[in-house]
Structures are given as structure tokens and as C-alpha cells.
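Here you'll find one protein chain in two forms, each presented separately as C-alpha cells under the names structure 1 and structure 2.
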Structure 1
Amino acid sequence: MDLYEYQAKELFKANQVPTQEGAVVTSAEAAKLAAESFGGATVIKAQVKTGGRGKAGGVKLANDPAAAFTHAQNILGLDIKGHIVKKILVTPAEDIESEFYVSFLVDRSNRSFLCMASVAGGIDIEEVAAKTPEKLAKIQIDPLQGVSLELALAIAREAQIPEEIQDATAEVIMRLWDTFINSDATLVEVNPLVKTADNRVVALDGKVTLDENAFFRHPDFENYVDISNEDPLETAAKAKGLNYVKLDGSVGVIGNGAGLVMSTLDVVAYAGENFGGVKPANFLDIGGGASAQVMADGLEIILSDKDVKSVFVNVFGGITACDAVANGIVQAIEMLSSKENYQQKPIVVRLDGNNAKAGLEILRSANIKNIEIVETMDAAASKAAELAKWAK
């Protein structure tokens, strides 16, 4: 889960990473008041979960409260790479002498942790890596050893941080490592880390990604969950404990197992090419259990999606027996069809694996008229795409 800059800076503060004061506001008026209370020049910063806000006009220097008001007015509602600005961070302007880069991340390739640091900050790190790789230090961190002061100094040196502030930077690097470990983060990035005119080293920006699997150790992180930017169907699915992602096509998909469901989406899109580009409407993994209730919850979410024209239920019975899945489907349709706002849509079902024969038999004898059974995954995907194409 990605955090906003202001949330990242809260974690920085908690871990003694030097950063600035700031006020989070949602109106131009409040931005002006915040600027007044800080006094002097401030920076008005769009709070969206994407980088490159500066380039997109989402970071502006305000010399006085009136300017803070104007900038805030312009930035609120701005669309930055598809993210609409609803919150603004007002923060004192620093007198910047130079900008650096530091990050800690989970390094999937090396199955370890990695620190990246560079004297070239304030620009995209991908750009630094491509154009001036000699300025980018990449140092493997042994998870069993962590970051000692000695290692932090070596990182600062290798990143070519100017000598007079290497000690201060090493100190910040250690505090950022603390942030990474104490928050169970998969990414802690500071771009830029700056040297101010009065020789302080300060984190001006912050990007933190948290590992949701570690939230049991961090009950307070639940506060960072932010549904205001989520698709309402995703929020509803999450509330029911379903693993759902909204997509932009018209074939609703339900399956068991993340890999099989991803594959189902692809196979639907592939089959959909023959029907004028029909695409999947969602990812929904009902997991191993696949009880009637879970199936009903899943179908309910998918049928309530107005973009969905047909549904493809694709299950390979491993541990879950297909007769249980079939009973789940039948009971789910019963539960849903008795509801007032039930939306009948064609449902294509493919069952294979554990007890598939019995499962198919249950579906056939239930004789539900909008359910169609197709034997293979590829043919079923094609059928679902075809039905979506011809549905009104």
C-alpha cells in the first residue's frame, strides 16, 4: 500500500528522519491560513500517490499567504496522471543548495534488501540510472546485518555525497533504514534529500510503500487505508473479504486461485479479439474455499457492475470439490434471485478437476436458464465473450 507524502513524513518523524513541519489542507482558504502560521515562503504540494508532481504543476513555491491561496486553488482538483488532487500539503520552503537521492527497497531479484543513493537527486532515478549510472550507488543490505554507521558512511561516499555532509547524510541513511524496518516497508524513498544553505540535511519528499501482510504488527496503519480513491466496487468487495480488482471490460470473471484468474482474464481478452475486442471486467479470486456464501458474494458484486454483460465462472477443483462449487453457484443464484434488484445476466461455467462430473450434473439438473456449461476454458472464454458482445 502506497502512502501519501505527508503520511510518509509522519513515519520519518517517528524515526527521527529530519523533515519539515507541514499542514494538510483541503481548501485554498486553509492553505492560506497555514502559510500565515508558518510565516515566510511556503511550498504548496499536491498529495497524490504518484511521482513527478513537480513536473505536472503540483508543487509550487508561494512567497506569501496570498500566493499560497492562489496556488492551492489551482492545484486542488488538478489531474496528475489520473489522480485527482483532493489534499494539499503546505510546508515551509527550504533554501536548497543541492538535491540527493536515497532509497531502501525489497530487491526481488536478489531476494534481499537494497539501498540506492545518488548525488543526483530531484530527478527521476530511472533517468539517473540510464544517463549517469556512475552517480548511482546500489548497495545490497544483508537482512541479518542491517545498516551500521560504517555501512551508511560507505553508502554516502559511494553515492558521491559531498564530503562535508557525509556524516550528516550517513546519519539520515541510518534513520531511513530504521523507518524501512520499523514500518515493514517494501519501499522508502527520499527524492530529494537536500542540503540546505545552512548545511542541514533534510528529506523534502517521501515515498513509502507498506506491506499489508505485516499490518498485524502495526494496528495503527489501518488509519492509512484510504477508500476515497478506490473504485466503489473494490471497496464493497474488500468489505466482504474478496480479492477483487475492477477492470474496464464487459465479461465478469470469477475463479479460484490468483494465477488461474489472471490467466482467465487473458484468455477472455484473447477470445474477445474475435468479437470486436471484448475484454474482462474484473479480477475476482474466490480462493480455495469457494463456499456458497463466497460464491454468492462474488456473483453479487459482479452482477451489480453495470459494465458487466456476461459472467464467466472458471474453477479448477483442487482441494475444493467441484460439486461443492456447483452447489455454491446454485444456492448463490437462489439467494440473489430472491433479491429485489437482481440482475439476470448470462453466466458461463467451466468446471474441471476434483469431482467435476458431479458438479456439472448438479448444474444441469438445477436447470437455471441463464447458466451455460462449456467444457474447456478456452471455449468457455469464447462463449462468454460472444455473449457479452451481443448483450444489450
Structure 2
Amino acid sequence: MDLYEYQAKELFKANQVPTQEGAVVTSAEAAKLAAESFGGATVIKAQVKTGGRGKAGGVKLANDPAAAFTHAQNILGLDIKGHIVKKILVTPAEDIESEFYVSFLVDRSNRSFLCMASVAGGIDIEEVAAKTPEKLAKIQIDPLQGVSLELALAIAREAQIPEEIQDATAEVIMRLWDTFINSDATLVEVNPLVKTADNRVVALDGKVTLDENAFFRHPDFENYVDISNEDPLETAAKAKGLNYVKLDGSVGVIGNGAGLVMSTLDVVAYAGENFGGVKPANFLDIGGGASAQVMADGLEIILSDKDVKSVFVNVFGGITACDAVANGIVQAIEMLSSKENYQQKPIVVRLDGNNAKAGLEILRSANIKNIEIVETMDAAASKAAELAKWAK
């Protein structure tokens, strides 16, 4: 889970990383009051979980509270790469002398941790790596040894940090490592880490990605969850414990097992080329041991999507027996059809594997008009795409 900047800075403070005071507000008037309380110039920063805020007009310097009000008005509601700004962070402006970059991340290719640091901060690290790779230090971190003061100093030197602030920067690097480990993060990034005119080293920005699989160790991290910018269907699916991702197509997809669902998305997209470019509308994996209730919950989510014109249920029975899947489909239709806003949509079903014969018999006996049984995956994908193409 990605954090907003202000949340990342809360973690920094908890781990003694030097950063700024700030006020998170949701209105221009509140931004003005925050600027008045800080005195002097302030920075108005859009809070979105994506990069490129500055280039998109989401970061502005305000010389006085009136300017803070104006900038906040312009930034709130701004669309930055599909993220609508609903919160802004107001911080005191710093007198910046130089900018650096430091991050810790999971190095999956080497099954280890990696520190990246650079004297060229304030710009995209990809740009630094491409144009001036000699300015980007990459240091493998032994998970069992961690980051000592000696190693932190070596990182600062290799990153070409000025000698007069290497000690202070090394302290920050150690604290960022603590943040990374203590939070079970997969990424902790500061860009820029700045040297101020009065020789302080400050984390001016922060980006943190937390591993949701470790949330059982951090119950307080639930406070970081923000559903205001999430798709409502994804939020509803998460509440039901479903592995669901909304896409931009019109064929709803349900399968058991991530590999099968990914293959189904490809097959639907390929078949859809014959029907004007029809695409899958979602990823939904009901898992290897899903019950009939899980099947019903998944179908309810997909049928609630106004963009879905047809549904393709593709199940290979293993741990999940096909008769349980069939019962789930029947239960879902019965449940949804009793709701006032239910819209009937064609459902193409392909069942194979464990108890497939029994599952197909359950569906045939139910005699649900909008369900069509197709034997093969390719033929079922083609039928679902065709139905989506001609649906009203």
C-alpha cells in the first residue's frame, strides 16, 4: 500500500528522521490559516499517490497566506495522472542549498535489499540513472547485518554527498533504514533530501510503500487506509476479501487461480478483437478453495459494474469443486434478482475438472435464462465478447 507524503512523514518522525512540520487540509481557507500559523513563505503540496506533482501544477510556493489560499483553490480537485486531489499539505518553505536522493527498496531479482543514493536529487531517479549513472550509488544491503553507521557513511561517500554533511546524512540514512525495517516496507524514498542554508539535513519529501501482508504486525497501519480515491467496486471487493482489480473493458471475468484468470484476460482480449476491440472489465480470482458464498460475492461485485455487458466464469475444478461454483452462481442470481436495481446480464460459464458434470447439471436444472454454458475456454471467451459487443 502506497502512503501519502504526509503519512510517510509521520513514519519518518516516529523513526527520528528529520523532516518538516506540516498541516493537512481539505479547503483553501484551511490552507490560508495554516500558512498564517507557520508565518513566512509556505509550500502547498497536492497529496496524491503518484509522482509528477510538480510538473502537473500540484506543488506551489506561497509567499503569503493569500497566495496559499489561491494555490490551494487551484490544486484541490486537480487531476494528476487520474488521481483527484482531495487533500493538500502545507509546510514551511525551506532555504534549500542542495538536493540529494536516498531510498531503500526490496531487490527482488537478488532476493535482498538495495540502497540507492545520489548527489543529484530533486529530479526523477530514472533520469539520473539514464543521463548521469555515475551519480547514482547502488549498495546491496545484507538483511542480517542491516545498516551500521560505518556502512551509512560509505553510502554517503559513494553517493558523492558533500564531505561537510556526510556525518549528518549518514545519520539520516540509518534512520531511513530503521523506517524501512520497522514498518515492513517495500520502499522508502526521500527525494529530495536537502541541505538547508543553516546546514540542516531534512527529508523534504517522502514516499513509502508498505507490505500489506505484514499488516497483522502493525494494526495501527489501518489508520493509513484511505478509500476516498479508490474505485468503489474495489473497495467493496476488498471488504468481502476478494482479489479484484477493476479494468477498462466490458467483459466481467471470474476464475479460480491467478494464472487461470490472467490467461482468461488474454483470451478475452484476443477474442474481443473480432468484435470491435472488446476487452476484459476486471481481474477476479476466487481462489483455490473458494466456497459458494465467495462465488456469489464475486458475481455480485461484477454484476454491479455498470461497464460490464457480459460475464465469463471460467473455472477449472480442483480444490474448488465445480458443483460448489455452480451453486454459487445460482445463489448469486437468486440474491441479486431480488434487489431493486438488479440488471440482468448474460453470463457465459465454462466448467472443467473436479465435479464438472455435477456443476453443469446444477446450472441446467436451475434453468436461468441469462446463463449460457460453453465447453471450451476459447469458445466461451468468444461468446462473452460477442454478447458484450451487442449488449445494450
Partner chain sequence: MAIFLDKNSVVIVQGMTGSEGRKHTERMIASGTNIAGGVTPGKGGQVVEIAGAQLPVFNSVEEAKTQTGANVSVVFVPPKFAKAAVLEAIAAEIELCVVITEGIPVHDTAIFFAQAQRSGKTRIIGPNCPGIISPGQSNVGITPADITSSGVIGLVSKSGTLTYQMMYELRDLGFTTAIGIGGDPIVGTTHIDALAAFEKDPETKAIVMIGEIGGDAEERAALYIKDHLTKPVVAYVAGFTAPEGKTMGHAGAIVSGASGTAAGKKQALEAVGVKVGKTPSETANLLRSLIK
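Definition used throughout: the rigid core is the maximal C-alpha set that superposes within 1.5 Å between two forms. When a residue number appears, read it as a position in the sequence of structure 1, where counting begins at 1. All values reported here derive from a predicted model rather than from experimental measurement.
The first of the two standalone chains is derived from the form predicted in complex with its partner chain. Hinge residue among Val90, Asn256, Ile141, Val102 for the rigid-body motion between structures 1 and 2: Asn256. Put simply, the smaller rigid part swings 9 degrees relative to the larger one between structures 1 and 2, by C-alpha superposition.
With both forms fitted on their core, the C-alpha atom of Glu340 sits 4.3 Å from where it sits in the other form; this compares the forms between structures 1 and 2.
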